[in-house]
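The form predicted alone is given below as one chain in structure tokens.
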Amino acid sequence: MKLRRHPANPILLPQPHHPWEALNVFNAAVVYHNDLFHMLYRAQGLDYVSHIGYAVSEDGVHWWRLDRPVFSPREPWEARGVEDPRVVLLEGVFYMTYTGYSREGTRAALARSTNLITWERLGIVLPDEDNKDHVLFPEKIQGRYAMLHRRPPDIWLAFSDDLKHWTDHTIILRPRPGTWEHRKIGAGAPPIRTEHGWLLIYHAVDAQRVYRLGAALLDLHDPTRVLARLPEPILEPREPWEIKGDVPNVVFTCAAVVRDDDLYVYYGGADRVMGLAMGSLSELLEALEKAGDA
């Protein structure tokens, strides 16, 4: 199954009148709450330092955004930017996983909010290691918080009682050598609960460093169990703005929203602009069921 690009693409462009987002806007978190789509997007100006901006939409396609970022680098481990937010609503609170980037590398960090505008930092969740592509599950599993992350080149799963100390780290998905996910894979959008399992839309990088999106299904009660995985990507670079940009040949997601049977997958194109691809949730689950654990 392939996702369909929305005809309004790209749905968010750099804003040349705002220095902090004049160059790139990409890799956004999106949540649907109180009948509105809320976007937290990564933005860069000419200094290449990443900030996180906020935009809101009634239809998920046309956006109104704030003039100033809602989250900017502040800590030493964020000196070069705050990157790639993913947001979940968990126990009535919005949690944002994001990557802090500095001369020391990347750090997996966490913040929380009750309004999606003002954020409280909770600090680094995986200390003393380069890590990113981390995302929370939107509910506890067997009484514990669960989080995906990446120790290259694999997708890992970890659990916590307090969102601070993470244990039971387990590899759940590995790259498949010689394929479109030869080099490395990483979590994309927060997992989506379905009656068939947790739907995971992830990114994969091939030997030529082309980024594509894939899909897998994890067991609801034991997400270390991979129930199904598609053998082919559901989205790959094709449009000029996905092929040529700040980082070429990239489609990269941090967000997926389900409305009825419509699946909205938001993705960065070539680290320059935001795109939207859509599909049928039931058709994707049917394709996964047929594929099994490929």
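Residue numbers run from 1 along the displayed sequence. Computed from a predicted model, the values in this text were never measured in an experiment.
There is another form of the same protein, the form predicted in complex with a small molecule; it is not shown, and what comes next is about it.
Stretch-level contact analysis of 246-254, 58-66, 233-241, 33-41 against the small molecule in the predicted complex, using heavy atoms and a 4.5 Å limit, identifies 246-254.
For Y211, a non-hydrogen atom is located within 4.5 Å of the small molecule in the predicted complex, even though that partner is not displayed. In the predicted complex, the small molecule stays beyond 4.5 Å of every heavy atom belonging to H149. A residue is said to contact a partner when one of its heavy atoms sits within 4.5 Å of a partner heavy atom; R80 fails this definition for the small molecule in the predicted complex, lying far away.
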